[in-house]
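Next comes just one chain, in structure tokens: the form predicted alone.
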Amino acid sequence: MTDEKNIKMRYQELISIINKHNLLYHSYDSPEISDSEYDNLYKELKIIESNNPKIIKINSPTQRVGASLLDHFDKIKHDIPMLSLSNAADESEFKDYYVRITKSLSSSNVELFAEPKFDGLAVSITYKDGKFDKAVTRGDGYIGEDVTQNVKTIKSIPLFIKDKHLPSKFTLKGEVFIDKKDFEIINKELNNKEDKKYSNPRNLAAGSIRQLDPLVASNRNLKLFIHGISDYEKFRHINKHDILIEHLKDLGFPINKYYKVLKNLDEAIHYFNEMKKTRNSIPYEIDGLVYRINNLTDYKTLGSTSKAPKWAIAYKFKALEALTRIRDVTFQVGRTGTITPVAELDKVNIGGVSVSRATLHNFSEIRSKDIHINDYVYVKRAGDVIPDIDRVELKKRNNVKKISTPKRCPSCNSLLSQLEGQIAFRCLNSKKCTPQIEQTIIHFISRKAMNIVGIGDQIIKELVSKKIISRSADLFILDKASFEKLDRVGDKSINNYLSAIEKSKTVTFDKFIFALGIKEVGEASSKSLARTFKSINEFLKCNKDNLIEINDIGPIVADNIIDFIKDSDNKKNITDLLNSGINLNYPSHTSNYKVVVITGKFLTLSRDEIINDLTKLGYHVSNTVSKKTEFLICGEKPGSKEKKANDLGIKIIYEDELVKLLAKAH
């Protein structure tokens, strides 16, 4: 055998050995060799490549960080949407889900595949002809960011696989995360450099995967578990999820070791309780379990809603809590001027997250929970995310101070008002109160409103603080010079901002109304207004009598609308918006549209999903059952509307029939 052949054989052997040890070390925490032995193998591999550059292969561990610094992350549309999961908040809701799927599948017991719900960043990873092709963040489920170069640095992910049964192209679903131990080490390093620390491992993982320098991502020791496949129908020779997962594991993909196949509901609940006890000993963050139907052939039978598959559910652990002291209370101003009290806490660690603030919601809650400054309180991370004060520890009460309601706005110092019949205090100085200006513009650009993509909250706040903008119409006169006044904003970002603003100029009438931020006018009300008035000019000339004839608009909301459109500043802002080139797409106005009413709670669909899909199908959703109602949509515990519909002889449809109807919207 020639030296060249020996070198090639040794080279291929080293690749296989190092990739194997990367998987053992980074995914399964079970190294078989010491760090020094690993370093020697890696060093030998690099020497061979240095002396024989022509033989370097794509799956070599040295090829993981070969990209130059990135300018930005491209947006990529998912071939198959990455839907989110429905949640079960407690055992009762999980049992309801299990009963529902057994009925749908006409079976007394359904086998489930369960594994931890990783608290990381969801990504899809596509392979073409066995080669790692691209990695994309979940994003909004339909469009994500191209993070290929950074995911490629994760040492446990194979860059090339070979198997005759593999489709030429397939897409895996996984979760990028970081160990608790690595989180502490990296945060300590950031602190030593006086850089901003990350609040929890999930944020660090997300921040690392979005680094423009792949070398930074590589040094963060990111990890990943594969938990599914987008196009499972391509694997026709496999009919169960656990078999698919084991097959992927055999191919070298990192799979979580805690997964389990469960034969019935009792086993599923027992597994949840066992994992709840194990949770703290696991070296990475988990916030619950994911259960899915193990039989892949049942996926098609159960189907999906527009947001989540029906063949899987997330069952979350209860919120973690800790005891700490309220050292002070500050006040925040919301978009409509509402004042929200915020507890400033002695810093406390809750489930690996440092918490120093928690919302007190409103003054009524302060009274009902009997909360004082200097009280010791139990703080929960609701859904393991938002800090919330649960209760006071009265046994530790000593030297407390009553929380006084503020008299003046903490931002603009205007006198606050308490509207009749309301518990909230408000700042009415909306034109000069900075937080109100910021939040109004942030609402205007949000996804459900004008959808100006890429301009974040901090950019808006900086534009406002530097007096570059003071109202939403000002966004449309921004130019390159405007953005150059901001800190650390490059040419590429500026071009993206200007492009997004220009793209947003074509918008539906209802989204434009919603974007204006009229108090208590939500998405549904905006759709009703857009359907009622043929043009923006007609809307601006409306009176209270016109408005209260609309089913979704009551007297208070009607007053809010009239007050808004009579305000001279608001009128000028709308005029300037229209003059900036905004093109409103009006809905078709027909007198014979069908009115439907929704009532009760739905198991597989959210109220927003139902309304959006019905609107797409040309229905008008009302709150009131009348002779004009085409049909009533009934969920669980429907209340008096069901009786009224029966009395009027109006057709009633239930969830199963509704799902079939809404399928026509997709």
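Numbering starts at 1 and runs along the sequence shown. Everything quoted here is computed from the prediction, not taken from an experiment.
Only in words, not in the display: the form predicted together with 2-(butylsulfanyl)adenosine, which the text now covers.
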Legend entry - Glu145, Glu115, Asp375, Glu438 - the one with a heavy atom within 4.5 Å of 2-(butylsulfanyl)adenosine in the predicted bound form: Glu115
Inset, instruction - Name the single residue among Ile245, Ala122, Ala88, Ile452 that comes within 4.5 Å of 2-(butylsulfanyl)adenosine in the predicted bound form, judging by heavy atoms. - result: Ala122
Inset, instruction - Tell me the stretch among 477 to 485, 286 to 294, 396 to 404, 125 to 133 that has any heavy atom within 4.5 angstroms of 2-(butylsulfanyl)adenosine in the predicted bound form. - result: 286 to 294
Legend entry - 4.5 Å heavy atom contact, Leu83 to 2-(butylsulfanyl)adenosine in the predicted bound form: yes
Inset, instruction - Could you confirm whether His227 comes within 4.5 Å of 2-(butylsulfanyl)adenosine in the predicted bound form, counting heavy atoms only? - result: yes
Legend entry - Contact flag, Gly554 vs 2-(butylsulfanyl)adenosine in the predicted bound form, heavy atom cut 4.5 Å: no
Inset, instruction - Using the partner position in the predicted bound form, report whether Arg138 sits within 4.5 Å of 2-(butylsulfanyl)adenosine, counting heavy atoms only. - result: yes
Legend entry - Stretch 143 to 176: residues contacting 2-(butylsulfanyl)adenosine in the predicted bound form, 4.5 Å heavy atom cut-off: Lys173, Glu175
